[in-house]
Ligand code: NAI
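Encoded as structure tokens, the following chain is the form predicted alone, with no partner shown.
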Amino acid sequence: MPAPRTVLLTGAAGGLGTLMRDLLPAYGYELRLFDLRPVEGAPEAIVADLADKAAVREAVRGVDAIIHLAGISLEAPFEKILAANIAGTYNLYEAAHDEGVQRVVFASSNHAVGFTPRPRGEEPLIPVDTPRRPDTFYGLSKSFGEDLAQLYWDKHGLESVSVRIGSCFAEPTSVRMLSVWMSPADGARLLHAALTAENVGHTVVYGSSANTRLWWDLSTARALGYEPQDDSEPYAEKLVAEQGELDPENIAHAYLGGHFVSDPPIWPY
């Protein structure tokens, strides 16, 4: 599709939103910022709750596409996840449909498949069509979001790319993260590809850099035109020296979702 000019970025005050609002304008996007909290340095940002349907529809009006990062990004009581991540995402999709927006890029998560055993040795990479096995209410909300995106494509022709994001930080901070890390620069490359690829329907992709220790298959992301440039391996020696290699007997090391699979989840992960 033609490169969208105006893109609504929800969750613009969050960690990933902050990174992307600095990097995406270089691709030619005019960002409309939305968050529950004020966005530092952006007095023009829309400060509203996803529960406010009128505010969400007003935020969506006139944009070419949406990058939906807003919501609770860790585990929380179900009632909070329900309001922010499930009902809030529904409100956004409904507004996008009503206003004729053509594409949503939905921030899903590897935690939608968190109880998938991680590959070991020569085992194949995890494909995007692996059965969903959420590891938390948070992961469950991301499974819902992927299904919602599919529904709006099948019923209304609203295209979506659901990006199962690993961990997008300036650098990885754990041995597990060496396998799921996405550099901020690669994050911007992937979101740009998701916004501009042709005929995506509803496409699910994993979001990470081209890590030497990669656990999942990036082929559907590459099919969008994504060309990751970074690799976590330069950080490996230091992290392994500090933390040791992953222990297959440790439940938090045995599954894709890391510490999210423990009950309750152990922080930090």
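Note that residue numbering follows the sequence shown and begins at 1. Keep in mind it's a predicted model, so treat the numbers as computed, not measured.
From this point on, the text means the form predicted together with the ligand, which you will not see here.
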Does S73 make contact with the ligand in the predicted bound form, using a 4.5 Å heavy atom cut-off?
-> yes
Taking heavy atoms and a 4.5 Å cut-off, does L16 contact the ligand in the predicted bound form?
-> yes
Would you check, heavy atoms only and a 4.5 Å threshold, whether R222 touches the ligand in the predicted bound form?
-> no
Can S179 be called a contact residue for the ligand in the predicted bound form at 4.5 Å between heavy atoms?
-> no
Spot the stretch among 25-33, 63-71, 233-241, 197-205 with residues whose non-hydrogen atoms come within 4.5 Å of the ligand in the predicted bound form.
-> 63-71
Could you tell me which one of A188, L158, A84, V175 places a heavy atom within 4.5 Å of the ligand in the predicted bound form?
-> A84
Contacts with the ligand in the predicted bound form - residues in 153-172 whose heavy atoms fall within 4.5 Å | I165, G166, S167, C168, F169
